[in-house]
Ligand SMILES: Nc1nc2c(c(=O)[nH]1)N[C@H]1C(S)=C(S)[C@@H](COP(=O)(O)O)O[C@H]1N2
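Shown here is one chain on its own, the form predicted on its own, set out as C-alpha cells.
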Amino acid sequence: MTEFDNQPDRADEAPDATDRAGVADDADLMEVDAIGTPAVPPRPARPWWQGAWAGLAAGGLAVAVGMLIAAITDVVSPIDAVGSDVIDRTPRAVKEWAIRNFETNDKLVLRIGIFTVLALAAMVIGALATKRVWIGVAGIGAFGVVGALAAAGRPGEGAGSAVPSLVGAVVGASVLYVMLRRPAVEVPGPSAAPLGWDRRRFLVTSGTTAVVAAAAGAVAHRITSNREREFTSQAAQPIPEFGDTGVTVDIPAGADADPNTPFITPNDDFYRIDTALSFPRADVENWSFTIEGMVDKPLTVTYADLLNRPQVERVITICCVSNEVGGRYIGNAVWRGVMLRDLLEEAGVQDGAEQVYSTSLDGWTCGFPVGAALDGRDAMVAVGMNGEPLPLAHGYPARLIVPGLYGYVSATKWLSKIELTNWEREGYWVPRGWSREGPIKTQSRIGYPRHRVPIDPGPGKIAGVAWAQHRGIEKVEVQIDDGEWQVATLATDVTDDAWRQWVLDWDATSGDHQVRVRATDKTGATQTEERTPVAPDGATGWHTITVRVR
C-alpha cells in the first residue's frame, strides 16, 4: 500500500463555492495526477489594492533609480527632461495661467504635478497588472522609454542621457513582476506548504521597495544639490576689477522715491521667468559662445576673453512680457559686461541680416532686430549684476541685456550662440503666438500704499515707478477718485534705460479711494487707458488700486 492509499477521495472532499472563493472556479478545481498526487492549483489574482500599492512602490523605485544614475553620471534627470518637454508643449494660455497663479513657483508646481501624475499612473498600472502582470511590466517600460527619449532629445545631451531612465524602468518593471506574479496556493497533504508569497511577505517586500526608492531619491537629490552648490560657488568667484576702460556707476541719492521699491533691485529679489526646469551648467574653463551666421568673420568668445575685453556698467531695467499691469515681473540692476555692438562689428554684420538670434545652453531661443544692437543703446553681453558675478539663476556665465525690449525677444540667459539671420528663424515664443518684435510699452505702477492695505488719515504720500526703456519718463500723473489728474514729483533721472520713481503728496481722508496712475515718455506718448492682456506683446492700461483709509 502506498502513502496515497490513505488519502480521502477528492470528490468527497471537494470544497464548496464559499471555500473556494478567490482561489479557483468550478472549471479550475485541482485534479489528481495518475499516481494520485494533487496537482498545483491555479494561482489567484491579488486584490486590486495590493496591485496599486505594488505599482506605486515599483514606479517610485524606477524614477528614483533613474534620478540617482543621472545624478551620478551628471546628465539630465528624467524628471527634468520630461518636465522640460511638458513646458515646451504646453499651450500659451496654460503657461500664462500658471505664471499668473503660481508666479515664480510655477516650476515647483510643475514638478509636483509630474510626480503626482506618475504616482497615479503607477497605481493604475499596478491595479491592472493584478489580472495580467505583463500590463504592469509594459506600462513601466513605456514610461521609461518616454523618459529616455525626452532626456536624449534635450539640447546638450546625447544618447547616454537615455540610460538612467531605461535602467530605472528595467529595475522597476522587474520588481513589479516579482511582487505581482500570481502566488501558488497551498498543496494539500502531509508536507503542505504555501508556494509563492503570502500577504505578509508581499507587504514586507513592497514596503522595502518603497524605502529603497525613497533612499535612492534622497541620495540623488543630495548629489544634485551638492553639485549645484559647487557650481554656484564657482559662479560667485570675484571677477577682475575694472581697468581704465571701464565705467563705475554712481547712483544718486535722489533716485529713490517709492518706499516699497528700491531703485536698484537686489539680486535675491529680482524676478525670474524662464523655461529652464533646472539650471544649465557650464564650466567656465571650457565654456564659450559663438557669433556666426550672416557675418564676415565668425567669432568664438570664451569667458576669459569676455573678462579681458573693455568692460562697462550700465543701469538697465528689464521687464517680462508676462508682467500684468501693476505687476512685479520687472527689475532694475547695474549690469556689467561687453557691448554687443563691439562684438558684432568685430564679426562684421553682412547686408541682409535682419535679426540677432540667440540660443541658450538649454536650447531656448529668441531674436530681435539687428538695429537694436547697433543703434547706440547699451545692449550688452553681461557677466555681472549689481557688483557681483552674474548669479546662476540669472544666466551665469553670460547673458544678453537689451534695453527697451521685453525679455522674451532679447534676454537670453546661459548664452551659447548668437547668429545673424533673417526673420525666417523664429524664437521660442513666436510660434506659440507671441509677437515677433517686443518693444517695451510705456507703463507705471503704484507701489505705495498697497492695494486695500489700511493706512492712517492725514498727510501722506502716494509713490511708485514708471518706465519706458530707451525713451525715458517725462511725466507721471495721478488721479484720486474722479478728481483732476495731478502731476507727481519725479525722482532723479538716472538714465532713459532705467525706471524712474515718483511721489505725490496726499492728505488722505477716511474711506476707500480709487487711485490710478499714468506716465508720459520723452517722445510725448502717454500710456493708454485701454486694458489689454499680456499676450501677444505686453499688457496695457492704467494701474488702479483701492486705498483704504481708516
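This structure is a prediction, so every number in the text was calculated from the model and none was measured. We number the residues from 1 along the sequence you see.
Form predicted in complex with the ligand: not shown, discussed below.
The three marked residues, C320, H394 and G407, each reach the ligand in the model of the complex, with a heavy atom inside 4.5 Å.
In short, of 342 to 350, 225 to 233, 358 to 366, 164 to 172 it is 358 to 366 that has heavy atoms within 4.5 Å of the ligand in the model of the complex. At least one heavy atom of A411 is located within 4.5 Å of the ligand in the model of the complex. When the ligand is considered in the model of the complex, W423 lies well away from it, no heavy atom lying within 4.5 Å. Under a 4.5 angstroms non-hydrogen atom cutoff, the ligand in the model of the complex lacks E313 among its neighbouring residues. For the chain shown alone, D274 is a contact residue for the ligand in the model of the complex, at least one non-hydrogen atom being within 4.5 angstroms. A heavy atom within 4.5 Å of the ligand in the model of the complex is found for one listed residue only; from F102, F270, F115, Y448, this is F270. Checking K441, R399, R471, R377 against the ligand in the model of the complex, a heavy atom within 4.5 Å turns up for just one residue: R399.
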